[in-house]
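What follows is one chain in C-alpha cells, specifically the form predicted alone.
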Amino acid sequence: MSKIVVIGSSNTDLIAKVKDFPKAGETIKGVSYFQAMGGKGANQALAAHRLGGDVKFITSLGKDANGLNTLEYYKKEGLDASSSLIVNNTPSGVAMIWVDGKGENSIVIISGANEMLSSEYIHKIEKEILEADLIVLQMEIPYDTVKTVCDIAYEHNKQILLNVAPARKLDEDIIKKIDVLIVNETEAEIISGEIMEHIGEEGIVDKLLALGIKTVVLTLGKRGCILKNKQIYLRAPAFAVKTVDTTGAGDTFCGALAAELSKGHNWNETLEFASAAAAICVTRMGAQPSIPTETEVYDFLKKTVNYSF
C-alpha cells in the first residue's frame, strides 16, 4: 500500500438543523444543534484513514480549546497529525453550517489558523511530502501553499490529487502538475471557463483534460460521477439512499478515492467504492461523524451489488 499525505484545513463545525433556510432578516426556530470536527482537509484525511489508507495529515490549528480538542480527537481516531502547525494568537478555524429538512446545507467558514499554513512551513516539513506517494489537496488553505506543495510533489514525481473546493480559477502552472482533479459542476465551470449546460458533461471534462490535467473526475451528486483520461471513460451511478445531510459527502468521496488508489485498485473498483462511501455519508448528520469505515462500505456494497473482495 502506498502512503498518503493530506495537506489542508481543519475546522470545528457548528451545525444547526432547520426545517427551511431563513430569508434575509428572518429569525427562525431551529430543530437541533451539535458540534463536530470538520474542514475539507481533515474530512478527506479522516475518510482516507477510516477507509483503509496509510495517511498522514498536515494542517494548522490555534493553541485554543478548539485546536487542542481537535488534536486529541485525531489521536483517538488514530490519524497521524504530528507534523501539523500549532500557532499562537490565532483561533482555530470554524464552520457554521445550516442543514435544512431536505438535507441540503449552507456553510460559512472562518479560516482562522488555516490561513497560517504557509509555503514557508511546507518547506520546513518537505520530507513528509518526499516520503509519501500520493498528495491530497483542497482549496481551504492559502493558494500559494497549494502551489508550493504541487511544485515539490511534481519535482519528486509524487502523484497529486486536487479537489478544487471551494471553487476558484487555477494557474496553468498548477494545472499541468495535477494527476487527478476532482470537481463538481460549479468547480468545473470556473476552471474551464465553460457552461456545462451548453457543452455537456463530457464536453466540460474534455475542456479540463485539454488544459493538461491527466485524469478528471466530475461529481454530479445524485447523477453519479464521470471519470476520463487518455485511456478510459467511465460513468459511475450514485447509490439511491435517503439523504439526511449532504455535508462532507464530497470529502468522503475524495478520501475514499485516495484510499482506493493507494491500495492499487482499478478505476472501476475505486469509483464504486468512493460512491458507496459518499452514499453512506449522506444518510447521517455531520461531516466527520458521518464518514463510514472500510468494513461498512464493503458491507453496503455486498448488500447492494453483490460485491466481492
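In this text, residue numbers run from 1 along the sequence as written. Since this is a predicted model, take the numbers as computed values, not measurements.
Although not depicted, the form predicted in complex with alpha-D-ribofuranose (RIB) is the subject of the following passage.
- Stretch 240-248 is the contacting one of 240-248, 25-33, 51-59, 267-275, since its residues have non-hydrogen atoms within 4.5 Å of alpha-D-ribofuranose (RIB) in the predicted bound form.
- In summary, among the residues I97, I160, A81, I122, the only one with a non-hydrogen atom within 4.5 Å of alpha-D-ribofuranose (RIB) in the predicted bound form is I97.
- In summary, among the residues L234, I86, I107, I152, the only one with a non-hydrogen atom within 4.5 Å of alpha-D-ribofuranose (RIB) in the predicted bound form is I107.
- alpha-D-ribofuranose (RIB) is not drawn, but in the predicted bound form it has no heavy atom within 4.5 Å of G255.
- If you take 24-42 and check each residue for a heavy atom within 4.5 Å of alpha-D-ribofuranose (RIB) in the predicted bound form, you get G38, G39, K40, in sequence order.
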